[in-house]
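First comes one chain, alone, set out as C-alpha cells in the form predicted on its own.
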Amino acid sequence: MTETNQTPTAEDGTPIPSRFGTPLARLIPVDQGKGMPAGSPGAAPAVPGITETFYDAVGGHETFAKLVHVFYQGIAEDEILRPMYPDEDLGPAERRMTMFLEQYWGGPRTYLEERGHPRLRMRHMPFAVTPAARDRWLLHMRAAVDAVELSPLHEATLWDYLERAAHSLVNSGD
C-alpha cells in the first residue's frame, strides 16, 4: 500500500479501484488553515473558495458518531440484520462503520490505518446480503440520516452514496 493520501495499491503497485469512484473527500480540497492541513493524509491541495471537506461541513465526528449510533440502534432490534453481527455487543461494528464513513467523507484516516483498504464487497461476502437485507439496512440508515438533520444538499449527497453502496453489496437472492 502506498502513502495514506494516495490511491491504495496492490503489492505490485497496481491501483485498487473503488466500486464507488473517487471518494468525495478527495474531490473537495481542504484549505490549509482549516480541517486537515495540506500535505497530511487525506488532505487535497487547497483551492480558492473551497475550505472544508464534506466531513467538516456536516459537523465532523459528532455527526458521524450520531448517524452510526442511531443506525445500530435499529440494527439491534432487527430480526433480519442482527444475526449478521456475531459479536454480542454491536460496539465494535459501530466503531468500524464510524471510522469508515469518517474516512470516506474526508475525516481521520483511522480506518485505513487500523484495517487497511475497506474492500466492502469482500468483507460482506460471508453474509447473505439479500434484497430484503438491503432494504432493512436502508430503512435503519434512513432513520439515522434523518436524525442528524443535515442540509438538503448534504443529506442528498450522503443518501446517494449510502443507497449505491447498499445496492452494490447485495450478493444473494431472497
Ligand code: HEM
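What you are looking at is a predicted structure, and each value in this text was computed from that prediction instead of being measured. Position 1 is the first residue in the sequence shown; the rest follow in order.
This next part talks about the form predicted together with the named molecule, which is not shown.
Contact annotation for Tyr161: at least one heavy atom lies within 4.5 Å of the named molecule in the model of the complex. Proximity of Trp137 to the named molecule in the model of the complex falls within the 4.5 Å heavy atom cutoff.
None of the heavy atoms of Ala76 is located within 4.5 Å of the named molecule in the model of the complex. Remark: Val145 does not count among the residues lining the named molecule in the model of the complex, judged by a heavy atom distance of 4.5 Å or less. Not one of Phe64, Leu67 and Leu112 comes within 4.5 Å of the named molecule in the model of the complex, counting any heavy atom.
Residues of 92 to 111 placing a heavy atom within 4.5 Å of the named molecule in the model of the complex, in sequence order: Ala93, Arg96, Met97, Phe100, Leu101, Tyr111.
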